[in-house]
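This document opens with one chain alone, in structure tokens, the form predicted alone.
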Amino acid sequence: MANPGGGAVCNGNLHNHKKQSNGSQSGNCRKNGIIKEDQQNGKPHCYKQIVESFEEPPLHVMVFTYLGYGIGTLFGHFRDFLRKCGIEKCNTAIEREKQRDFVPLYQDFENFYTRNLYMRIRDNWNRPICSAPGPQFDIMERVSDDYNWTFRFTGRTIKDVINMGSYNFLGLAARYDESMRTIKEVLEVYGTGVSSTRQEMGTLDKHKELEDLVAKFLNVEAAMVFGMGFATNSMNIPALVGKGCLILSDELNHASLVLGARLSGATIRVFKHNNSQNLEMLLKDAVIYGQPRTHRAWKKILILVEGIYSMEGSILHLPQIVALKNKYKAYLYIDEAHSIGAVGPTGRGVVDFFGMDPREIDVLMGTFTKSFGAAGGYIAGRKDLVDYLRANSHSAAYATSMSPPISEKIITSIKFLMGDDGSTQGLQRIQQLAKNTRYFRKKLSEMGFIVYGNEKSPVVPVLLYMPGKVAAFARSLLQKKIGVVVVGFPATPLAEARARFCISAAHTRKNLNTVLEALDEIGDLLQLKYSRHRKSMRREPYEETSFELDD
């Protein structure tokens, strides 16, 4: 299907994104889809139209990508043969001689990819940083004398590297300044740690203050905070669902969501990424047929999704998901780790982005590790939900409470965004992040790179595909004092290796232009400009939706 209007295609649907001067969609809002007309404060409101791009690469790119992996695999088997014969030194973990008759603790074949492919380009990951993760940071220089099996530090520091990899969306992870004075005071009074769990002697007044502030910020009844973002998902999902329940999980959900779902003991079914038609098909089957064998009704159906998907840069199609969960009486759990503070007019995540009522979401989860420049996570929603988790959450019972200085840092960050500090700088940073995101994405697309995701997502994946070019790309950028995260299998599909840029409000236009100039040069050198401005034809299983968004 051609795209005559120049719109963007998302999951096979063509979205024309022409806008009026006032920023609203021309004509009436669509009900049977993403756009909806609503009444807010007596004025019509339209949900934002979703504009996302997942462009297909040319055929020859995919051929050479798979060919590269094939050649690497052949050489890997050859090198394994040399190691087995003692011709080449084996640097991997091996079983002790006296345990040769045991079931192997280290599965040799499972480590084949790590041993023979990842190890060749390992220098592009785990680079040690020795400064705050601001718009520029310092990296400790290291070299390897044994082809990346081990590293040694040279004692030199690479100064003022432009940071395009940290999730410091609002620039709040920074060096100490006067705005952090209250954090220093809390450190002097409370110390660094709590040394107890929330259910024992680990609940401080600072935790209660933070939880009340999070609930106010999100406009919900109550919230509970946890010391670790990953554990917020993995330890609380098992408290919400269990055997006899059904989890419907997006295929690109974060590992913490996947782990939490598996630990719960519930039945898990996966739906295609951001595909509401596929989700509805699974919901229909769940309601009609019930549990396997017995066909009894499921105790609960929980939909697990993310606000912004960190590898794709796509934004959740929230209005459609909420319509489905209401129609089929399912519960909705949203992980806003990457979206809270980063999208929406006031930085309140995807719910704010679409102008929806947070009470329509059953479980709001997020982390403080990204936009807030701290650590930990939260779960927010109805008071009875939070009270239940206080008594039944594994994190509340077994995990150490959040550090008091971290709690104070989050309190300071939220007040900054809400304007409770008496300034509008928080709102200005949210707006600056949106401007930087639009500018960077637009320039990359104009250069000819294949850029994934939503046009308003500060997570910007640029597709590299070929494994050899992944390493060359990251090394070339570091030589130009630009730090970037490159991602490959198994974090992405085998043939979709990419670089993931994270935009920050702290980036100046000069920073972004420096990076763009370097990308333009390296893109030509490595022939990475694959875009033909042909959008992906990822078709939905059905042409029409069978549900409507509520008025």
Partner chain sequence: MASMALAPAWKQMSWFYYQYLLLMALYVLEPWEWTVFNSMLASVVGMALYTGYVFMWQHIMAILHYFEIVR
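Small disclaimer: the values here were computed from a predicted structure and weren't measured. Positions refer to the first chain, counted from 1.
Keep in mind that the form predicted in complex with its partner chain is missing from the display, and what follows is about it.
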Q. Which of these stretches, 198-206, 153-161, 293-301, 75-83, has heavy atoms within 4.5 Å of its partner chain in the predicted bound form?
A. 75-83
Q. Taking heavy atoms and a 4.5 Å cut-off, does residue 466 contact its partner chain in the predicted bound form?
A. yes
**Q.** 4.5 angstroms heavy atom contact with its partner chain in the predicted bound form for residue 58
**A.** no
(Q) Can you tell me whether residue 526 touches its partner chain? I mean in the predicted bound form, with a 4.5 angstroms heavy atom cut-off. (A) yes
Q) residue 472 near its partner chain in the predicted bound form, any heavy atom under 4.5 Å? A) yes
Q. Of 103, 255, 288, 71, which residue is found within 4.5 angstroms of its partner chain in the predicted bound form when only non-hydrogen atoms are counted?
A. 71
Q. Which one of 327, 443, 127, 120 is close to its partner chain in the predicted bound form, taking close to mean a heavy atom within 4.5 Å?
A. 120
Q) So which residues in 441-459, when you check its partner chain in the predicted bound form, have a heavy atom no farther than 4.5 Å from it? A) none
